[in-house]
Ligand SMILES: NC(=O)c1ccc[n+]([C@@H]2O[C@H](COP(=O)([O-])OP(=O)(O)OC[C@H]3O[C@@H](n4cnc5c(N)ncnc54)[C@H](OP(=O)(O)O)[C@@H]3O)[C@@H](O)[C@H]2O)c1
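The chain below stands alone and is given as structure tokens, in the form predicted alone.
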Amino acid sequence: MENSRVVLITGASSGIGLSIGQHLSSLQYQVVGTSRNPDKYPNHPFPLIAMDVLDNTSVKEGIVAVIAAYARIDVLVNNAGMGMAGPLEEMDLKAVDSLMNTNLNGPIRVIQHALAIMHKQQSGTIINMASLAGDNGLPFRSIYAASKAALIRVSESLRLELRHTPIQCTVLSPGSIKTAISENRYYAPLAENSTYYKQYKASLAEMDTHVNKGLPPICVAKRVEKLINNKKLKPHYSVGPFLEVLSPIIKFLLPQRAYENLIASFYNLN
């Protein structure tokens, strides 16, 4: 029997978004994903609509298309985003602006248009995909970590603003998940004359190792399924390897310098 709930997933052409969509489709949810170029995926396992989260008009038109086809949006999974790595000192500021626009302003644009629908239907759930990187200042991922930290704070504020409504909002922060994120991440050039060359190179290798040893994306998809069916969501959830999920608690318990040394060791910076 077809599930009547409509789930909109941004950035659903690959990776975590694809896995979430496939899993929910198998459970008979009415899933619709977004992609900047849906024509590139003619045999996609669930419908894709065109949406560029950097373009407010594109977001608005995408939401209109979903309503025209499904009449409602019960769940929004704000998954579209990009990764970035590099020394802060050597980061191209245009790339920084692009990442913040994608990872922070993009979800805000989609939320604004989706909320207008959810208010009318007097129901809805918003799941913002952040990252465990948002809980820490990670070496050579300063801008990415900052963008996810900002999304977490926006979500916490939005929850309070929606407190008098029947609409729920939460954050799901994945840790290392085995996807092609390493291939799609923006990298500042690895210049041999850089002050950071040795440390940056070691950290890049460690990042790739973490991803390759990460959990399969179906773990994230199953967690999203549980959140969708939770009638009273908490502000923040996480999914990932045990030590990564435990890191916010360790950060709270350890002295600041001890925790910083632990992170440095984790990324081979000692």
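If you're wondering where the values come from, they're calculated on a predicted model, not measured in any experiment. In case it trips you up, residue 1 is the first one in the sequence shown, and so on.
Although it is not shown, the form predicted together with the ligand is what the next lines describe.
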Task: Contact assignment for the ligand in the model of the complex, among Ala145, Val75, Ile177, Ala114, heavy atom within 4.5 Å - done: Ile177
- [ ] Pick the stretch from 129 to 137, 115 to 123, 196 to 204, 161 to 169 whose residues have a heavy atom within 4.5 Å of the ligand in the model of the complex.
- [x] 129 to 137
- [ ] Identify whether the ligand in the model of the complex is within 4.5 Å of every residue in the set Gly62, Asn105 and Val154, based on non-hydrogen atoms.
- [x] no
TODO: Answer yes if any heavy atom of Asp208 is within 4.5 Å of a heavy atom of the ligand in the model of the complex; otherwise answer no.
DONE: no
Task: Touches the ligand in the model of the complex: Glu225 (any heavy atom, 4.5 Å) - done: no
Open item on the list: Can you tell me if Gln30 lies within 4.5 angstroms of the ligand in the model of the complex, counting non-hydrogen atoms only?
Closed with: no
Open item on the list: I'd like to know whether Tyr41 contacts the ligand in the model of the complex, with contact meaning heavy atoms within 4.5 angstroms.
Closed with: yes
- [ ] Could you list which residues of 59 to 85 come within 4.5 Å of the ligand in the model of the complex, counting heavy atoms only?
- [x] Asn79, Ala80, Gly81
